[in-house]
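First, one chain by itself in structure tokens, the form predicted on its own.
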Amino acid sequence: MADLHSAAKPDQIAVTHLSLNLGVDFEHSILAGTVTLQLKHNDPTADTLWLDTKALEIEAVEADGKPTKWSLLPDVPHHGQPMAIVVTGETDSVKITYRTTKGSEAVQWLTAEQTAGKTHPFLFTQGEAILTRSWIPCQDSPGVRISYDANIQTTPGYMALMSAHGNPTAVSADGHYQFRMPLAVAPYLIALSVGQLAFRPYDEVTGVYAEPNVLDKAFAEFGQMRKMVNAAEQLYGPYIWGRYDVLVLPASFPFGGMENPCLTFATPTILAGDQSLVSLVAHELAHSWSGNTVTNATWDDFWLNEGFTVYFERRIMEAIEGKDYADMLAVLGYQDLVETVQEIGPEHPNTCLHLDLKGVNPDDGMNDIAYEKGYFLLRHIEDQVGRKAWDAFLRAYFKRYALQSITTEDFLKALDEDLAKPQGTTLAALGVDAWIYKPGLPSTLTKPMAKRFDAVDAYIAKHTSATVAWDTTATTSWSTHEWLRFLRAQSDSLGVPAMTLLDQSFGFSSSTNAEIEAVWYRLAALNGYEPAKANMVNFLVHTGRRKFLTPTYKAIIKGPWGMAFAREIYGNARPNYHFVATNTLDAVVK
């Protein structure tokens, strides 16, 4: 199927393997070297290899060791410059000598001051959705699967890591590192990070990388990783990627996590100190099946990655923490889904699961719809057929499409053949079309409930005085999720006196839990609550996670502090943010 976000034509000539040979130049913020692409000729008459590039400086191109003609076409909005390379039907490989530029949006170069350790600069790449082309010339489509190997040369004293086998456990004396990924992955899953890093294993399968001064905290936080791997394998089959490690990146990382094979990239905002936010690790681990093993073929099918993964994440957490815990996650997710549908508009086509992202950056379609509406569709199917049959289907689904990129139609075919018909039902009876192809919230969506939230709701209802301090003894055992339920229940127009009472009772303005901070600072901005202002600014300047930044800036603009204050903060903070974040926020803070 054609990918509208890629110039590649793999039906003619497909890249099957790439070999990177790159040097890391921190002084000039450049990755420079070569990539060699192994080719498969699907159309023997094709004489042009089509690649995706963006903001790359191409120096030379060889076909089977000999110079060949090539050209960069005019820039296509959002996509970059298609690259055409002249080949013959006998060409086995193409070698490109190139370097990144300041416009290479996948790569974030951090100064020493922007890291936790403050002593060494740092870099990381973020390829999803279509940014890998800005640091590697490639066929940058999730429908193209490639194996890869890499040689990375950096300054001695730095550690390089990749989404591959061969990640080191100690710093190389000469700064040279070698990697290989023998399984075919989508290009957006090729990832690199270089900096002052250290490693500590939990066992022969799992471990954690972080800056040395963060490692103790990170290691204490992720102690359940092997339990998660075991629970995941018991649910849906073997983990095929070898090791599963987590790398805690500097705070500018724009996402909660990124499911790079073998090595999840994670935000430090999940280091809450009490393991209360590690469902994010369960989510990234689940991607090892849904996303990395079975991948959406185009970004219109993005929900196949995220809806399945949210479902799988909550099953992992249910296995580890129990049903009541997983129910809290589902209720919070439902709230996010309802809010997103209201914000976008219930009739807007972007509230469909299957998207039409022609002519736009696919990153613009990545919101809670794919995650939460996708989750609730799968939960709806489970409710119709029963968990036993549903789990058997999912195990077969991950096996049937292992290491393939599929469309929504492929999923529906499997659902019909492997679940509906054996159960004596039909896709129409399951009602899946309304979920996938129609906007808004389906009438068959069942609102989730969580017993542990009933106590939170009762506690809120019991507090009837706007002048009496809250009874803090009732909240001592609350998890982060219960606190989120509590804060989300507060009115956007609380007013300063009520905000003051909450802060005096619970100390929200001095919280170090990023999830709680983000909700509290949004309330503070909407209400013009001055005691939280300085900490809120610090949070925005030193946190790069888009999920937290966007609603906070929007609240500042909407509240009494206004657009001018938002622009002032953003002007100072923007250099700390990755392109993924600024691409969204530039449109918010105009």
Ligand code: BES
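Start at 1 with the first residue shown and count on from there. Since the model is a prediction, treat every value here as computed from it, not as a measurement.
We do not show the form predicted together with the ligand, though everything after this point is about it.
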> Just one of 26-34, 47-55, 561-569, 544-552 has heavy atoms within 4.5 Å of the ligand in the predicted complex; which?
Replying inline: 544-552
> Are all three residues Gly256, Leu280 and Asp363 in contact with the ligand in the predicted complex, where contact means a non-hydrogen atom within 4.5 Å?
Replying inline: yes
> Which residue among Ser193, Thr298, Ser104, Gln126 has a heavy atom within 4.5 angstroms of the ligand in the predicted complex?
Replying inline: Gln126
>> I'd like to know whether Tyr371 contacts the ligand in the predicted complex, with contact meaning heavy atoms within 4.5 angstroms.
In response: yes
>> Test of understanding: in the predicted complex, would Arg485 fall inside 4.5 Å of the ligand by heavy atoms?
In response: no
> Does the ligand get within 4.5 angstroms of any non-hydrogen atom of Glu306 in the predicted complex?
Replying inline: yes
>> So, Glu517 and the ligand: in the predicted complex, are they within 4.5 Å at any heavy atom pair?
In response: no
>> For a quick check, can you give me the residues of 293-327 that have a heavy atom within 4.5 Å of the ligand in the predicted complex?
In response: Phe302, Glu306, Glu313
